[in-house]
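One chain comes next, on its own, written out as structure tokens in the form predicted alone.
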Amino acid sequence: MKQILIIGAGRSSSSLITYILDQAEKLGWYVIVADSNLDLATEKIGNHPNGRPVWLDVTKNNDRKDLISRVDVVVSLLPAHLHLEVAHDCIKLKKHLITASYVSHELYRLGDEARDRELIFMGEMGLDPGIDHMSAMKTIDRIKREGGKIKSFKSYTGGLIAPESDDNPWSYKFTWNPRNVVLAGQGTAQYLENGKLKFIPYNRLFKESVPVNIPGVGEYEAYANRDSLLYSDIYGLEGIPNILRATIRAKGFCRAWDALIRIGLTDGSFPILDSGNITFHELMDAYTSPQIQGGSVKDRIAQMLGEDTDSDIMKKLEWLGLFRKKRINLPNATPALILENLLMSKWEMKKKDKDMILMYHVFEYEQDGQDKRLTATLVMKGEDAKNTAMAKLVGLPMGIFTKLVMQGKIQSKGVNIPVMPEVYDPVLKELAEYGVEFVEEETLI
């Protein structure tokens, strides 16, 4: 019996595991779900006859290799930095590997070895990256086939809270890894605008967010992703004067997040000694500028940020509880970990909350002497806090692709991302059966 190993049973795994188990029952496969939290893996498997939960500490080499040796395909939902060890095991043990994470330079270096062993290593096979690649490439290839020349490509994606579940001033709740949200944007964003390179370092990134009006949905804002330039060649858009990939947030979010950055609360580089015994009020007091004297801690933080004490940004910070005399209770924690822990309690989804995924592509191109704009919009809401749109749109592409690999329908060997027709055509076709469809609108410019 063919076997599939899914490593990780966390926040984004539900739809993937459900889909793979359903396929396993139909096609006679067996599924192992491994996690360091056995209860979590057991819950995701349920009583399914074609699945088994197992405990796994992924850092224990022998246990990890033993599990991988038994299966045909490995699906890794681990944090990105842990994929490499799994990938080396898959090379040695001749197993296919699928992940939703960005493909690192180190992983790309395994491409020749994977090809030599006729292995399929597919990364960036989730939502963003994943569905964004596939949907963009399908449209880009179509425009080119019809004689169009693409001049601009902009892609925006956001995992948000649905309007009906939006009950906090940040208009945001966690639907994926909180750590990644806290550290998002660190580095320098790079993109092309009118043929010129544009760089936005982290200290300016959220301050320089741009408005995005999504047809039929409303007004949002977006900050540039770090990786836009990498995709001009991958998408076959060499020489294009405009390319941007960006992350969508609710209006007002980015300037408030910029305030957290300017204070220093997203810094994960050093531990705060005795952090477990100080209060949030004392932490914020420690961050106030020594050049600002008098007034409350809140007054001094506001002055440091150039804000009125009753501004929208200060109200967001106060709502988080940053000025409360409540003990932090995290020993020797970095500022970023303190912030993450605080946000997990403030941005937690309630049981009946619904999340919402927005994806919005804008293509501008010349065809038959006319300048055209094509927009493609995807909107999907989750069912509740457990069955989220995020889990669905991260998990389903991985699940569908895993099925294709198990059935021998994928020929592209080596380390790849999903930008080829043999991948995006069947995956997008099946996703449409689950309601994952883009609404397109074309206009003359």
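Sequential numbering from 1, following the sequence displayed. All values reported here derive from a predicted model rather than from experimental measurement.
If you look for the form predicted together with a further copy of the same chain, you will not find it shown, but the lines that follow are about it.
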Residue 169: touches a further copy of the same chain in the predicted bound form, heavy atom cutoff 4.5 angstroms: no
is_contact(residue 287, a further copy of the same chain) in the predicted bound form, heavy atom dist at most 4.5 Å: yes
Partner contact for residue 214 in the predicted bound form: a further copy of the same chain, 4.5 angstroms, heavy atom: no
Contact label in the predicted bound form: residue 196 to a further copy of the same chain, heavy atom within 4.5 Å: yes
Options 157 to 165, 85 to 93, 203 to 211, 128 to 136; stretch whose heavy atom lies within 4.5 Å of a further copy of the same chain in the predicted bound form: 203 to 211
Non-hydrogen atom within 4.5 angstroms of a further copy of the same chain in the predicted bound form for each of 252, 314 and 319: no
The unique member of 337, 278, 349, 78 whose heavy atoms fall within 4.5 Å of a further copy of the same chain in the predicted bound form: 278
Contact residue in the predicted bound form, chosen from 120, 263, 150, 107 - any heavy atom within 4.5 Å of a further copy of the same chain: 263
Partner contacts for 222 to 253, taking a further copy of the same chain in the predicted bound form and a 4.5 Å heavy atom cut-off: 227, 230
